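So this first bit is one chain, no partners, the form predicted on its own, shown in structure tokens.
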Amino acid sequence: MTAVPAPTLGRELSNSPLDGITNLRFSNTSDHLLVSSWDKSVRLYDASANVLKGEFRHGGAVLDCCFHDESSGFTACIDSNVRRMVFNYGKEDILGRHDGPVRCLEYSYATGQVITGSWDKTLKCWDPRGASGQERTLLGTYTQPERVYSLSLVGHRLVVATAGRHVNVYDLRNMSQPEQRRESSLKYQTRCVRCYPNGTGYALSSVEGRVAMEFFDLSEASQAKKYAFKCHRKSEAGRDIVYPVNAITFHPIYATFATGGCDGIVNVWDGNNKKRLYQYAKYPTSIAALSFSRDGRLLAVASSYTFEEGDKPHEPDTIFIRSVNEVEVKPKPKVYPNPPA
């Protein structure tokens, strides 16, 4: 299928971070956007109004962020701290610590817990309602087979992707051991994992320009539906150039999904029909993160060099907000040939 390029990249947000963007996430109640960065900041924007509403500075690079509610959130920091911030009051405190940099985190609206994954090879669950201090807020520590690279939640189910291509699937209501211990079906290092909105499985991307579509149900019929596909690669001078796939985000209405790679390209896919729906015009540099807004009308794109080719001159780190047209994200109905007369 030939994808039609979009004519524009979208609108640039003012006051973008000054160093590599590590993640961005839309609120599930508004067009507020939370952004974390290597410049030690976490910023809250009104993406529709193009207004920076608040900013906190931490003691080291901020590797991930997520919302708690409309005006507060949590951060994962390279200084090993997990912080919570209340933008309305300009207040922050330390929820707890790991023994190494905290790479990723999620907030579970189903259980009221913050889940953090670290390069210290542990997963931790926290109660953010308690007083400050690790002893009063830490609910549990769960050893992982390797450094944690990516987390994703859907309902009570948590997917943990680590170095060494390990994937653990947990039920947050019983964290004593994983429901499933898996190995990535992709041959190379995992970059991102994101659960399907309907809760039936997850998409996993790697540094080698591939995405795997997996299912939780271990029945033979369900496992027969899983597949992997190549993306974010090109042929040049007779050789294949393959790019890491850094970001995956699912559309909240149609459950199609976008991927972003180090090639500066954003593709939109129909996973059920195994088709690419759309390809946007090339962004200035690597796509570090992606997020659809709660109603799917907006897509936030972090165009931010991810140092896959080492330290070199690169375009400034920029956040683009693009309006999403239905034709870009809505699955196309299958067309069946007319039966013979």
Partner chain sequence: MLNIQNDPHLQVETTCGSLLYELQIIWDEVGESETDRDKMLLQLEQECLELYRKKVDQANRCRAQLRQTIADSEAELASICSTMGERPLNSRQSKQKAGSLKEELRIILMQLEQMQMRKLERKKQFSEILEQIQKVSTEIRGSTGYNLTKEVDETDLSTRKLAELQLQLQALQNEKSDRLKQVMQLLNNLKSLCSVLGLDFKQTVNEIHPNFAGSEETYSISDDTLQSLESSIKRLRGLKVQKMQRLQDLSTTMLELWNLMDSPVEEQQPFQHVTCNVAASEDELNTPGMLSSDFIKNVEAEVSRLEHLKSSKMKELVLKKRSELEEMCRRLHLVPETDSEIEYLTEAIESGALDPSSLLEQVELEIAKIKEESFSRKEILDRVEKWLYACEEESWLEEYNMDENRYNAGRGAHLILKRAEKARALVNKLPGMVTALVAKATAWENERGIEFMYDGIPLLSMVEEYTLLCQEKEHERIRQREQKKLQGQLMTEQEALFGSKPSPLKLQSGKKTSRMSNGSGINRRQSSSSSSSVGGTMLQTQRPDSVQSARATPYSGPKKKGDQNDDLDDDSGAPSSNVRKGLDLADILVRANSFNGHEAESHIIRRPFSPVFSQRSPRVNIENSIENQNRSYKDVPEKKIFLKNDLSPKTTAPIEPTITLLKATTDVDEENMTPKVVPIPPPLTTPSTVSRPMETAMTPALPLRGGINGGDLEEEIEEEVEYSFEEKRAGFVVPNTNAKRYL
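Just so you know, these numbers come straight off a predicted model, no measurement behind them. Positions refer to the first chain, counted from 1. Heads up, when I say rigid core I mean the largest set of C-alphas that superpose within 1.5 Å between the two forms.
Quick note: we don't show the form predicted in complex with the partner chain, though the next part is all about it.
Using a 4.5 Å cut-off to the partner chain in the predicted bound form, not one of 258, 320 and 330 places a heavy atom inside that distance. The stretch from 193-201, 247-255, 169-177, 141-149 that comes within 4.5 Å of the partner chain in the predicted bound form, counting heavy atoms only, is 141-149. Put simply, residue 230 is close to the partner chain in the predicted bound form: some heavy atom of it is within 4.5 Å. In the predicted bound form, the partner chain stays beyond 4.5 Å of every heavy atom belonging to residue 90. The closest heavy atom approach of residue 208 to the partner chain in the predicted bound form falls within 4.5 Å. Contact annotation: residue 156 falls outside 4.5 Å of the partner chain in the predicted bound form, judged by heavy atom distances. Shown without its partner, the chain has 210, 220, 223, 224, 226, 227, 229, 230, 233, 234, 235, 236, 237, 238, 239, 240 in segment 210-240 as residues with a non-hydrogen atom within 4.5 angstroms of the partner chain in the predicted bound form.
Once both forms are fitted on their core, a CA shift of 2 Å or more is seen for residue 239 between the shown form and the other one.
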